[in-house]
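As structure tokens, one chain now follows by itself in the form predicted alone.
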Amino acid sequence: MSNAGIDRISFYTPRYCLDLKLLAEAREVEWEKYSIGIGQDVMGLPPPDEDVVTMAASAAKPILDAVGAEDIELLLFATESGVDQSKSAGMFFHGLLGLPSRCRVVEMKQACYAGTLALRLAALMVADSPGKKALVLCSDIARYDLGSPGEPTQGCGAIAMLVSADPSILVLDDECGVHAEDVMDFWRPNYRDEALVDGKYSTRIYQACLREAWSQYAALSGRTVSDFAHFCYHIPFTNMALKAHDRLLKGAGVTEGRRELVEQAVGQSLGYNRLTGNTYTASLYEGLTCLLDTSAEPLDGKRLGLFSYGSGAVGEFFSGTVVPGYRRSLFGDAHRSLLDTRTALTVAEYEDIFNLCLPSDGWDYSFSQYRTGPFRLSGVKEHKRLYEVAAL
């Protein structure tokens, strides 16, 4: 794969959120069930005029503003919150951001895993054409029934990654371990807006996929857990990542001080997710972004381990080395400002937005403008979604 990898990485989450203390009170459960039991503090919420397209566009804009779009010949949009059964969400994005006409555009789906395949395919393309670049978008809205066990793990957000043959942030290693099996641990039929999940079963499948993928990776690479400075995991909720790494260490024969080792290896990747909730395809890379932005020590030259999981199910363990000088290419200040300046909603306001579904009756609609990023969904006309630059 040469030195292909992540040249820029940018994160976006909508401007509204709900403190899970309020949700705990409304659902008459102990606050610790959320803050300690699953490791979540705040849930990110999208207003009616934001969707996966606008979130992805808002995530990508800082990258395109910094380096331009003229060399991008591949756009891979990973989501499990698609907006059309035929047209790729990437094509809406392509038009909204004005990407070059010489550009392959595809939407990819395999639950929360699709972004990882998109990243690896993009890396292969730019390695074969070093002068060209690829843009990988991971954008999702996690949505479960009101009052369901999954409700406090809802969230939303997007990651944009520019992939090049001479990256400024992370060089991907060739080795990877992959495990796939047909299971029903999490799914969302076409006739539902809310996902369905068998939580305990999904946790077991996640861990089984990690075990098999790590075993392959270790055999191919000859590396052990001690060869990594940090690990980043798919994060349906932050405690899942901590439990996953504990199981990995246990399987590697580590018996002493595992709690401290888990926190050292994984803890610095979890801060953003505690404040946004599950972002599905974006969650692994939200964790990577958080680690890069907030790591207490420099990561230059350090190897990172990454585990991607998508229910249904596919798991992949892979790795990469942080490029010296990577901090010059980050957007950390913007990410922290975004999280710090969101509008906090009441539970009643959250439920009102939750129940305000996109019309599906074929009539024309215009949507009120909420606090959004640089782009918004302005309405629907003749069954066509209409996007525009937001009046900020």
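We number the residues from 1 along the sequence you see. For clarity, every value in this text was computed on a predicted model and none was experimentally measured.
If you look for the form predicted together with a small molecule, you will not find it shown, but the lines that follow are about it.
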Exercise for the section: Using heavy atoms only and a 4.5 Å cut-off, determine which of 325, 359, 332, 37 is in contact with the small molecule in the predicted complex. Expected result: 37
Completion exercise
Heavy atom within 4.5 Å of the small molecule in the predicted complex, from candidates 130, 298, 251, 199, belongs to 199
Problem - Interface segment, criterion being heavy atoms within 4.5 Å of the small molecule in the predicted complex, picked from 287-295, 156-164, 221-229, 200-208 - result: 200-208
Handout entry: Any non-hydrogen atom of residue 243 within 4.5 angstroms of the small molecule in the predicted complex
Key = yes
Practice task
May I ask you to state whether residue 305 is within 4.5 Å of the small molecule in the predicted complex, using heavy atom distances?
Solution key: no
Handout entry: 4.5 angstroms heavy atom contact with the small molecule in the predicted complex for residue 150
Key = yes
Practice task
May I ask you to state whether residue 237 is within 4.5 Å of the small molecule in the predicted complex, using heavy atom distances?
Solution key: yes
Practice task
Can you work out whether the small molecule is within 4.5 angstroms of a heavy atom in all three of 33, 144 and 311 in the predicted complex?
Solution key: yes
